[in-house]
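Next up is one chain by itself, shown in structure tokens, the form predicted alone.
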Amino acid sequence: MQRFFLNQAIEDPQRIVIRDKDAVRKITKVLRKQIGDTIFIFDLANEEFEVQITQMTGKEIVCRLVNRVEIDRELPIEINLYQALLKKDKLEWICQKATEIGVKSITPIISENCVVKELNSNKAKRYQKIIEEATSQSGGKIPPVFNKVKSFEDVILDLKQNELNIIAHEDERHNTLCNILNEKQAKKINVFVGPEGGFSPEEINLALRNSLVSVSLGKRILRAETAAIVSCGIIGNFYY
């Protein structure tokens, strides 16, 4: 099943125009679709449609509605990932895999041990595109929100105490993520994962003073990008 995300609300299902350059190229050049072929699209209104191609040019594809698709592949829990900025393209991989799991938002944060201290607009756009593609590939209907970079302290101080706020910490010896999920019922879970060097002791102390629960993800020390996916995956599977 070939699915494409339209960054727009579909107003007229009988004349849906696809103008996204990457989508047009993939449909025409890669998949070699023709007039009369069907594809699946979903939009900003969280609706999914099976549509038939009626017109094609080099710049746009026009489709008409064949069927509305009623499939719910979203998690019953809201997972918000707060990931410290990482070196190279590790955040790109996290965006892809976290989207496949079904997180609702990804917020890059700057913490004390971050080597990377900023995120340029081109990279942010690329991450958003990766999120849209991963949503299409995984059968999701709602692409996660990719937020602007924030400081660790600002995010911590803005959290709501009635939500489940957890922070992955390699030195935690008592609380496992699974135990905390069994003990605390929540509709929204905010997950904090540090950079390559982890969170500093001062940051952990700040987190614990402000409604966060420190959790262990196992006996082994995980890479930051692994910890992000493991934690979100455990939560997603717990509520599946």
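So that there is no doubt, residue numbering starts at 1 and follows the sequence shown. Keep in mind that what you see is a predicted model, and the values were worked out from it rather than measured.
What follows is about the form predicted in complex with a small molecule, which we do not show.
Chemist: Go through 24, 229, 222, 10 and name the one with a heavy atom inside 4.5 Å of the small molecule in the model of the complex.
Modeler: Answer to the contact question: 222.
Chemist: 189, 61, 51, 215: which sits within 4.5 Å of the small molecule in the model of the complex by any heavy atom?
Modeler: Comparing distances to the small molecule in the model of the complex, the residue within 4.5 Å is 215.
Chemist: Just to confirm the contact call: exactly one of 92-100, 166-174, 152-160, 134-142 touches the small molecule in the model of the complex at a 4.5 Å heavy atom cutoff, so which is it?
Modeler: Partner-contacting stretch among the options: 166-174.
Chemist: Would you classify residue 199 as touching the small molecule in the model of the complex, given a 4.5 Å non-hydrogen atom cut-off?
Modeler: Residue 199: contacts the small molecule in the model of the complex.
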